[in-house]
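Below sits a lone chain in structure tokens, taken as the form predicted alone.
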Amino acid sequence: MTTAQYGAITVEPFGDSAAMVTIPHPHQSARRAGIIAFRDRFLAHRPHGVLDVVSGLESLLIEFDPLRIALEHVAYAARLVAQWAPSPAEDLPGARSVRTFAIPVVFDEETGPDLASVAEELGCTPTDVVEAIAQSTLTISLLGAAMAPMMGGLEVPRPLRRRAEPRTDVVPGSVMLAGTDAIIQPFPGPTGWRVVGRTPHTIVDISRPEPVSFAPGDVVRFVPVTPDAVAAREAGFLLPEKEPT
């Protein structure tokens, strides 16, 4: 176990060609922020023989070629990186800059069929739920199935249950909630998450050189808009906010 700026990390074997990195911190927010910070630093200093890293909400799987590098060397490199690990906001040579997204979302009965049930579960009104979502600053924890961005930081009174009966075909752009996390559906498909709204933007486009809008560590705000406002604007592929010049 190695101590870093966000606490201690553990590195454990995961089969014969991977290692699992975790942060045994008592607070979930610290574990999630810490693993994102570690991932960015590790990618900026990727050791020879490391094939890929796979992000989890609170873990990082390091896959390597055992013919080119030994598990012990991967673990040693991970511990060295952890000792240097910066805060997510620190500028690092070779590291990707954190981007901010303001995502327009329509919240109504059509786009958010679970909005009313979420409000009932929380003991408030649908308007209160939308306000809570809009006031939340969320951070991309990982890209899940079909590159769906899973983000933490939803400011609700208590974690939300998933649906007892999953939906079979959710529209792309659907904004969905579960626990204290949010996710956006990139393509049509099933889900057990609670659908509360929809953005008109495309977030995954395989025809683009960089097909995914987000990366782990990016910051997201949801901005409520009306259907008329959506109809009057050209949505297209979602891009980050421009930095002030």
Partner chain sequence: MTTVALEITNSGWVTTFQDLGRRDSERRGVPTGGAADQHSATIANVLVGNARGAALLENLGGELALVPDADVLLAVTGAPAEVTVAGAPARPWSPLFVPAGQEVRVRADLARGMRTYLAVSGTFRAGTLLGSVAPDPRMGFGQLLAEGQRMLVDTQFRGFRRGFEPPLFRLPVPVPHFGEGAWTVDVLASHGTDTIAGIRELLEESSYLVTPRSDHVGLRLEGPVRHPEGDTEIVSQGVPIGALQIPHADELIVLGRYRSLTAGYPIVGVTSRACLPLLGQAGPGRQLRFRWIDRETSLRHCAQRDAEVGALERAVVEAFGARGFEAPLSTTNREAILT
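Positions refer to the first chain, counted from 1. Fair warning: this is a prediction, and the values are worked out from it, not measured in the lab.
Beyond the structure shown, there is the form predicted in complex with its partner chain, which is absent from this document and is the topic of what follows.
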property	result
In the predicted bound form, segment of 97-105, 73-81, 128-136, 147-155 with a heavy atom within 4.5 Å of its partner chain	147-155
Candidate spot Pro24, Ala37 and Arg41, all three touching its partner chain in the predicted bound form (heavy atom, 4.5 Å)	no
4.5 Å heavy atom contact, Gly236 and its partner chain in the predicted bound form	no
4.5 angstroms heavy atom contact with its partner chain in the predicted bound form for Val170	no
Contact test in the predicted bound form: Arg162 vs its partner chain, heavy atoms, 4.5 Å	yes
Proximity of Thr202 to its partner chain in the predicted bound form, heavy atoms at 4.5 Å	no
Residues in 35-67 with any heavy atom within 4.5 Å of its partner chain in the predicted bound form	Arg39, Leu43, Arg46, Leu51, Asp52, Val53, Val54, Ser55, Gly56, Leu57, Glu58, Ser59, Leu61, Glu63, Phe64, Asp65, Pro66, Leu67
